[in-house]
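So here's one chain in two forms, each on its own in structure tokens, numbered structure 1 and structure 2.
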Structure 1
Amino acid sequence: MVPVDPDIASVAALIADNSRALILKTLCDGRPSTGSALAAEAGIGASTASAHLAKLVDARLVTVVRAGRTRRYRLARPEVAAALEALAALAAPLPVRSLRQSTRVAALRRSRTCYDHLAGDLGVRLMRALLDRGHLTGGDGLHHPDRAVLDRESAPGTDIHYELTPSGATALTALGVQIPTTRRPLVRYCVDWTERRHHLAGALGAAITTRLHTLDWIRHGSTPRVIHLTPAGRVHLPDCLGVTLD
């Protein structure tokens, strides 16, 4: 009758609006974005977007920093992305409507960023390559789709476990990847809706992604979250890390 405990409903209501969901999903990219860009992305007017963003900021899901006459919006904390992923796990896949959409979906399926690391087919291939070369260990062969779904069900706090091996450390260092020493867990996994397999998350996943960007082996696409493999990346990724490509 009256709300009790944490007020789940009102948080959910923030995500329940399609425009706000699009905004949040866009921000999952990890990169900050401006109000007008988000408005364009959601296909709504500037004033409407402003109202939405005000609500999101007010609820502490999103933060703003003012940079002159523009403002940069970001996700406030990792939990927000986690909640979005959890909801996505519940959502039934939506039928594709337009061609433009289907190409975009296809691009997302190929490779995209998930908060701050690589996901999609490319992310999964990278993970598999690291396992195959012995750069990563553990997981009990859980890279397979069926099991991936299983342990997705047991999240959060699952005891499935990957670790970076010495060979992996040297290989990545040779590539110029800064092995992080932060408090943030080094190796995590993440299961996504397109591939239903693990890909590399955590501090290491983010570090590798950053490095691939500076090497210009991958590049952000025109639409948010989409990642393109550059010709250089197409050459060097199989060479240096053993990633298989089509």
Structure 2
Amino acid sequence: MVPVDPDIASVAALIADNSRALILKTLCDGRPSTGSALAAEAGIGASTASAHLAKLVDARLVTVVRAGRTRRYRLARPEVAAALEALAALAAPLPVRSLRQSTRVAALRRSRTCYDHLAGDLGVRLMRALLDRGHLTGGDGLHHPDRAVLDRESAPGTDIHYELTPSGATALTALGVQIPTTRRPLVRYCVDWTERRHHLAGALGAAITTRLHTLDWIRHGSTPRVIHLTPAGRVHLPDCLGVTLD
């Protein structure tokens, strides 16, 4: 089959709708969510949300997870979250109009999920620590907009080639992280839209995040995507991984 150009416009048109964009951003939490919960987050009615979700499912941006009679939705693949993170890095910030909104923005900037890996200030600090300890190599963790050919916001995770070092594999295995051996790329990065630095993505970023949840060093917040650092995490992340915390 002769390769053809991807139909970027059709995907962009789906994301361009404000309600669908809010639904997709909510699903960047990485966990399945019901249609009613997504409708509430987007501030729309259940029937309207259902119509939007049907379009997103048809476009293979969202998939349906069934549990008995309950239908839950989640992003179809990590690349959807990476694309949203890249768009967020390019977009101008929305005006903050309430204390609640300001609090939520601050929480998202502090620590959040980007599909299945850590993002925000905490995610960037984790990436920095892994580089400083020699567990990762290949880049400096910084976003260089002046080197657009090498570090493009529009194509995060592919321009700079990070690698897990043998010492990194040893240290993470000792922490209980199961180093993935799947077809998914092991080490990728995203240009963090709030910090303008790199945070760790790929199968390794997901595996580390899963382990930190298991250890109860981080927990999901009540707001989608928000992650809270626990007291145990404040003690052990600096000791075990060298993550600097305020």
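Throughout, residue numbering runs from 1 along the sequence of structure 1. Since this is a predicted model, take the numbers as computed values, not measurements. Under this definition, the rigid core comprises the largest set of C-alpha atoms superposing within 1.5 Å between the forms.
Visitor: Do you think the form predicted on its own is shown as structure 1, or as structure 2?
Guide: The chain shown second - structure 2 - is the form that fits the description.
Visitor: Quick check on V235: with the core superposed, does its CA move 2 angstroms or more between structures 1 and 2?
Guide: After core superposition, the C-alpha of V235 moves less than 2 Å between structures 1 and 2.
Visitor: Against the rigid core, is the Cα displacement of D58 between structures 1 and 2 at least 2 Å?
Guide: Yes, because once the rigid core is superposed, the C-alpha of D58 moves 2 Å or more between structures 1 and 2.
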